[in-house]
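Below you'll find only one chain, the form predicted alone, shown as structure tokens.
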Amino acid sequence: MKDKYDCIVVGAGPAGSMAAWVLAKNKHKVLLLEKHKEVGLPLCCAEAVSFRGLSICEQVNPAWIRSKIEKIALCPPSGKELKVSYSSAGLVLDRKIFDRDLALRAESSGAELKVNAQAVGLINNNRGEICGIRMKKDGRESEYQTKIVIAADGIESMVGRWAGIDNALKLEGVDSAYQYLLKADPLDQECIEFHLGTKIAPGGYAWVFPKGKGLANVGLAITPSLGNNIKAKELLDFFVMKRFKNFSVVEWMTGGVPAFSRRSQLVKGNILLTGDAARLVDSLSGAGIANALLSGKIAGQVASEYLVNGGNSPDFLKKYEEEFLKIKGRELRFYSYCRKIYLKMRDEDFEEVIQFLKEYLKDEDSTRLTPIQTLKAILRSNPKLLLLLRHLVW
């Protein structure tokens, strides 16, 4: 094999770059592979993240931030929106700058970064253990030896499949999304919007996330099994025409959004799956940046511990899955439970929920409420929503 590394990280998105940075600053020899020609491109993300989620980066560059969110608008099918002032609700990032900076930070700490370099297979030793990666760059294949592989290769995660991990997504476990970057009017640059309804976005929602200077990410995600063969782009075009008086399309993107699976496997031998590759996404909102950062950070820390004092047993690496799920498992399972309800909701259910929230938030400080607290209050207020689960088998 050409070179030896302590760890090879496949994918230079937030999860991969975070893992590579943690390992590199702990003086391990790390190779970070990115299959695209540029880190951060092509973009496939709505770019919103919570303050708490971004704090996982430890060092925040103001250049990453396009807008600060101070209000949230929830819009049911009737159009009678609920707008809530929520100081420091979150941020809309510039992922092109954000992803690039995270990768460069890993590189400046000692990781070796290769772009336009695609992992094309795993290498086994004579005992059947994973000992390396085959990589293709500029039409030529190379082989690299490693003690650990961290898969941060997104929703398609070929590394997981090569390792024999069953990460296949069922039809109801992935949403189809389409998004425009719009120059649009009218637009409140401090407010993010969520538009709900079975005709607007069956199984999903439409969003408006401002990015400053009159720009916004405007997108829509649907659950294909509920869409009666209609495409997300068709619904988004209709939504944009209805929502904005004036607009022009600057960019467009499309992609899939995985839902968290209770059967997701994060570790197999010396292979660690992170971010979207491990399906670590909020199943209700589709948010994944914070979970990607956290999973990458913990994977890097555990991998570093293993390299220093973990001995020869890959079982030590299971600590990564245990540590991540101890922090996030309960939350992800709850959102998965809520998604099952959400997929059964009718337009009148959305109207009832918004009406409840209008009353509920009168007496509550929204800045002190967590999403989980709010969702639990909704379920307690409307037992009918729980009955939507009666035909489901858990």
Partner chain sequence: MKKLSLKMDLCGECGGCVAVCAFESLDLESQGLRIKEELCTLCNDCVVFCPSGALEITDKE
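It should be emphasised that the depicted structure is a prediction, and the values quoted were computed from it without experimental measurement. Positions refer to the first chain, counted from 1.
This protein has a second form, the form predicted together with its partner chain, left out of what is shown; the following refers to that one.
Can S264 be called a contact residue for its partner chain in the predicted bound form at 4.5 Å between heavy atoms?
Contact with its partner chain, no.
Residue-level question: is Y144 within 4.5 Å of its partner chain in the predicted bound form, judged on heavy atoms?
No, Y144 stays farther than 4.5 Å from its partner chain in the predicted bound form.
Is there any non-hydrogen atom of L104 lying within 4.5 Å of its partner chain in the predicted bound form?
Contact with its partner chain, no.
Can you check whether I72 is within 4.5 Å of its partner chain in the predicted bound form, heavy atom basis?
Outside the cut-off, so no.
Kindly indicate whether K27, S55 and S109 are, all three, within 4.5 angstroms of its partner chain in the predicted bound form, using heavy atoms.
Verified in the predicted bound form; spot residues all out of contact, no.
Report the residue, out of G256, G269, P77, G121, that has at least one non-hydrogen atom within 4.5 angstroms of its partner chain in the predicted bound form.
Selected residue: G256.
Selected contact from V84, I155, L307, V240, since only one has a non-hydrogen atom within 4.5 angstroms of its partner chain in the predicted bound form:
Here the answer is residue option I155.
Among 246-254, 190-198, 122-130, 205-213, which stretch has residues with heavy atoms no more than 4.5 Å from its partner chain in the predicted bound form?
Contact-bearing stretch, as computed: 246-254.
Partner contacts for 123-138, taking its partner chain in the predicted bound form and a 4.5 Å heavy atom cut-off:
Heavy-atom contacts to its partner chain in the predicted bound form: only K136.
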